[in-house]
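Single chain ahead, written as structure tokens, the form predicted alone.
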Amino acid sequence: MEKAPAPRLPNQSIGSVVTAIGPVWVAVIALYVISAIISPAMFQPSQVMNILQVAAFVGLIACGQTLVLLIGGIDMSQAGVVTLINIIATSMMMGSDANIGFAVVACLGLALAIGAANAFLIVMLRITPLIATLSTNSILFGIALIYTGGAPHGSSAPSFNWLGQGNIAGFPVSALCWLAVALMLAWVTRATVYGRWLYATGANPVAARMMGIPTRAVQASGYIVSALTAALGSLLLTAYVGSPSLGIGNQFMFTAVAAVVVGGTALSGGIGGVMATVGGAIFITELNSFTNIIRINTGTQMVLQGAIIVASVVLYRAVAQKRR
């Protein structure tokens, strides 16, 4: 006589559901429900669109950061890239639609050069990623100060502003741009040989090299993509605010990393994914909105954000150890 299967415990069922959906998406839904209970206005579709519009900036920047963390590195120069691109873009456009093409090409070329410089410092000169990219961040901010003389000038072009402020059938254009880039990078990392190289390099670079994977080229590509997505995020943000600011990139130094880590990408490399980072970016944006609703000051917001990063790392590490 066959034995009846053992009944599943309630906590096992909950764990299975969370694993199937993804912990970060469960957190996104839970925080949204809590925020809406405290402030019923959050249930309005316009509030959801507003969250997606704001999340697009950090989300796009965090997409590139995800690739860097997957290869076992970190890019702290994204804040400097965002600031410098904002300064350069507005000073070249000068409020004229005729200058959009030239300004965008110049900004993306500059981002490509910054990413290549980071790759050279880390891959060729063997400087620790944290130190190398922090140095680059300081250099970029210094260049922005020298370029502007401390007084930024210029503005984005009216047609260009549609990317940051416009919508298509009520959906923010900035969010559409972000999701398009995220889906493309998710496909690249999950369905191509290059994507498998990324994960293999991050999990064990020595073993990956012995398998014939060009680990140096893979690592270099991660920093170049990171700089490019930071530049794209900066261009979207510039289109949203329409003016230059020397402090515009500061907020992304840690929030981009936080979005990636909260999404479940391991700081040690080899584990994670771009679509989970999308959830992480929405969660971070929701959290900022939630703290504004309950009127927490900026200092407490930073403490809360840091605590959530630590909690995320501990939680995902515990889950990974349990799976082993």
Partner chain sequence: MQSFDIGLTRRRLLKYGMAGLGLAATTPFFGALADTISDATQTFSGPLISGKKKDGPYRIGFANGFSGNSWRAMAIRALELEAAQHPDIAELIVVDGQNDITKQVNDIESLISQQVDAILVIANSGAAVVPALNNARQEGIIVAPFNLPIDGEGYDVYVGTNPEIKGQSSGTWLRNALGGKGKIVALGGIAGNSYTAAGWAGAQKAFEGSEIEVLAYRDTDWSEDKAKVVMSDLIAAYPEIDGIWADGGQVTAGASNALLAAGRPLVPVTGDDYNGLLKLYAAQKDSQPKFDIGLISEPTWEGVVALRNSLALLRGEELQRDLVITPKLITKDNYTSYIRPELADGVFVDTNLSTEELEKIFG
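The term rigid core refers to the most C-alpha atoms you can superpose between the two forms while keeping them within 1.5 Å. Numbering follows the first chain given and starts at 1. Just so we're clear, the structure is a prediction, and the values are computed from it rather than from any experiment.
There is another form of this protein, the form predicted in complex with its partner chain, and it is not shown here; the text below is about that form.
Q: Taking 4.5 angstroms as the cut-off for heavy atoms, does residue 148 touch its partner chain in the predicted complex?
A: Within the cut-off, so yes.
Q: Evaluate residue 37 for contact with its partner chain in the predicted complex, applying a 4.5 angstroms cut-off between non-hydrogen atoms, and reply yes or no.
A: Flag for residue 37 set to no.
Q: Can you tell me if residue 49 lies within 4.5 angstroms of its partner chain in the predicted complex, counting non-hydrogen atoms only?
A: Outside the cut-off, so no.
Q: Is residue 41 one of the residues lying within 4.5 Å of its partner chain in the predicted complex, judged by heavy atom distances?
A: Yes, residue 41 is a contact residue.
Q: To verify the annotation, which of these, 100, 134, 203, 241, has a non-hydrogen atom within 4.5 Å of its partner chain in the predicted complex?
A: By the 4.5 Å criterion, the partner-contacting residue is 241.
Q: Could you check which residue among 159, 128, 192, 251 gets a heavy atom within 4.5 Å of its partner chain in the predicted complex?
A: Contact with its partner chain in the predicted complex is made by 251 alone.
Q: Which one, 68-76, 177-185, 214-222, 243-251, holds residues whose non-hydrogen atoms are within 4.5 Å of its partner chain in the predicted complex?
A: Of the options given, it is 243-251.
Q: Along 151-182, which positions have a non-hydrogen atom within 4.5 Å of its partner chain in the predicted complex?
A: 151, 152, 153, 165, in sequence order.
Q: For residue 49, is the C-alpha shift between the shown form and the other one 2 Å or more after core superposition?
A: The answer is no; the displacement is under 2 Å.
Q: After superposing the rigid core, is the C-alpha displacement of residue 299 2 Å or more between the shown form and the other one?
A: Yes, the C-alpha moves 2 Å or more.
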